[in-house]
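A single chain, nothing else alongside it, follows as structure tokens in the form predicted alone.
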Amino acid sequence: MAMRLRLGVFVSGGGTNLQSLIDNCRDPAFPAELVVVVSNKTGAYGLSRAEQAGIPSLCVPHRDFASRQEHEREILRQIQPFGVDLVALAGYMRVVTPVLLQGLPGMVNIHPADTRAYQGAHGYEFAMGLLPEFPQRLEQTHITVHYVDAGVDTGEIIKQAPVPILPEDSIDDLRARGLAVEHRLYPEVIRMVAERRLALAEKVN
């Protein structure tokens, strides 16, 4: 069997997308293996998911560093032995800088909205019209996987999947339906990279 892509996943919280990637990577036929999980928060449940799955993890709390750049240089130092080919951000609540982007072969992110319409946290709230600056409820949202650049959800879009917003939906209804799509879409994109149907890295400005 060909060498599997060596995947690292960065999390800040519960890590449901991490769990989806763990489950997919358990299949020997999946063309990627999850070699390390990284978090900037000591209490992130994603670290527990990694431990339960027997996957090495690194916790590098950002509050221990004077700048984002110093924090990212320490992440690069600690992650280097794992030989990561691609990093997938899965609820990693930090805006990365060129230090990290240029130090890794490639990085992707998943976002619960069309990144051409909305960037940042609370993507499901945006789609439901619950944010004061975006009061219009949409008929559907688009889960988006994109390359990571130095902006906030501004990297080139790789793949999207629509999620309908039903008239009776609550925010929890939409989030549950959207997460089911996220958990399917993210492994699809990782497979595309691993099978060389997608470029490993995006240009960093």
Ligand code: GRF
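Values in this document were obtained by computation on a predicted structure and should not be read as measured data. Start at 1 and count along the sequence shown; that's the residue number.
The following text describes the form predicted in complex with the named molecule, which does not appear among the structures shown.
A.B. asks: Identify, from the list I75, M107, V96, A90, the residue with a heavy atom within 4.5 Å of the named molecule in the predicted complex.
C.D. replies: Here the answer is residue option A90.
A.B. asks: Counting non-hydrogen atoms within 4.5 angstroms of the named molecule in the predicted complex, say which of I165, L179, I158, V36 makes the cut.
C.D. replies: It is L179 that has a heavy atom within 4.5 Å of the partner.
A.B. asks: Since the chain is shown here on its own, which stretch among 67-75, 108-116, 127-135, 80-88 would lie within 4.5 Å of the named molecule in the predicted complex, judged by heavy atoms?
C.D. replies: The contacting stretch here is 108-116.
A.B. asks: Contact between T16 and the named molecule in the predicted complex at 4.5 Å, heavy atoms?
C.D. replies: T16: yes, in contact with the named molecule in the predicted complex.
A.B. asks: Can you tell me which bits of 22-44 touch the named molecule in the predicted complex, meaning any heavy atom within 4.5 Å?
C.D. replies: Residues within 4.5 Å: none.
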